[in-house]
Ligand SMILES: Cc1cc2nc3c(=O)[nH]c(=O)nc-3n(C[C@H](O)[C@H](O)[C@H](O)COP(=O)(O)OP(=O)(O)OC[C@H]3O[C@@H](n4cnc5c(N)ncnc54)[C@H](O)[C@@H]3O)c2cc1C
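For reference, the chain that follows is the form predicted alone, supplied as structure tokens.
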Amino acid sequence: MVVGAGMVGAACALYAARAGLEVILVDRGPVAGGTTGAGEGNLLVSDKESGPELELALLSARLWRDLAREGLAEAFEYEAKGGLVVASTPDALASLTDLAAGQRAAGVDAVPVDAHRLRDLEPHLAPGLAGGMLYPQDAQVMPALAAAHLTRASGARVETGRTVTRILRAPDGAVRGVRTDRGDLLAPAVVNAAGVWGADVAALAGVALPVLPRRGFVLVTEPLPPRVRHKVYAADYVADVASDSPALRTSPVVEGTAAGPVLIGASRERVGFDRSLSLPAVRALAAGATRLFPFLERVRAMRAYTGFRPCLPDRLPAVGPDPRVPGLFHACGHEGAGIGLATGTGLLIAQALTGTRPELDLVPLRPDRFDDPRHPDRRTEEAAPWTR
């Protein structure tokens, strides 16, 4: 049983089915109806420091390429476009260079780009930038299409429009399925892939998982001829992703799409599930994008949409079995990287479900790690911003 039909849930369903399991995928809304449908579809290694998340990103990037080679590339608009990270100052370039050195040691292909070569790669970039780094492994998909096609490829029994209200447990405490508003669904294992609602699903099983939403906006322009060749973002984006601040943070992220519109991000702030439009956030996105690509000053933004990133305190997802509840597994808390990390997460969950040795060490991703008083990001009731 996979609870959550977003990108991560779809990937869990696919790889569990490929491991020989029968899968039920349940969601209170439609496939890709939550965070996935509000995503840009980034498959990135460039924005991750060396460590467990980067290892998961590299595994996921390989699996996305495998899916594309299976013939799904056109179906979900897979584009191996690469990423270009640009620095506006020498100090920012020095920090980017240091980051890339650690990434290379982990297996990332990071190519330095001198200032005079930036416009060879992106002719419409603003002049005067200090330099950048090219990441050929970065790619993009259309997330709603990808979730739909992976769900279809899994052959899972899909139960949408069905709200999970309880995790059913046997007398010995083991999971035996879920109760929904339309009856019980039985299964010996339940995967919590509920994204920003992951804490609520965990609570139905009587355990804590401190997932909270982090709001973001994306601007969508009118359709344009191809002008932005890569995913292009400013070097300070990495620091914004890693920040623990609840306040609004923005850094310019610009990329074209196969359909023509340019997508402009990225903003982050913790405001609960408030979906109201934030003019300061949208203005900051537009200003940052035009600093990178001045031609955008003359382009109309057709709409802005809102999504909530599922965020855990240490910026790592929860992936794997929950030792507190036999038969409960978690696959959530990926912050803004869930689309890119979905395939690796799905494979690791399938390996855990079948008792296969996982391709990555799951210890740093343990769902119960925040119960450990030695964990640096453990939160108490007095400690603060992560409690509801």
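Everything numeric here is computed off the predicted structure, so don't read it as measured data. Numbering starts at 1 and follows the sequence shown.
One more form of this protein, predicted in complex with this ligand, exists but is not displayed; see below.
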| query | finding |
| --- | --- |
| Contact assignment for this ligand in the model of the complex, among Leu93, Leu296, Val201, Leu150, heavy atom within 4.5 Å | Val201 |
| Selected contact from Ala194, Val190, Val85, Val254, since only one has a non-hydrogen atom within 4.5 angstroms of this ligand in the model of the complex | Ala194 |
| 4.5 Å heavy atom contact, Glu359 and this ligand in the model of the complex | no |
| 4.5 Å heavy atom contact, His330 to this ligand in the model of the complex | no |
| Heavy atom of Arg28 within 4.5 Å of this ligand in the model of the complex | yes |
| Any non-hydrogen atom of Gly320 within 4.5 angstroms of this ligand in the model of the complex | no |
| Contact stretch among 320-328, 65-73, 51-59, 335-343 - heavy atom within 4.5 Å of this ligand in the model of the complex | 335-343 |
| Stretch 300-323 - residues with a heavy atom within 4.5 Å of this ligand in the model of the complex | Gly307, Phe308, Arg309, Pro310 |
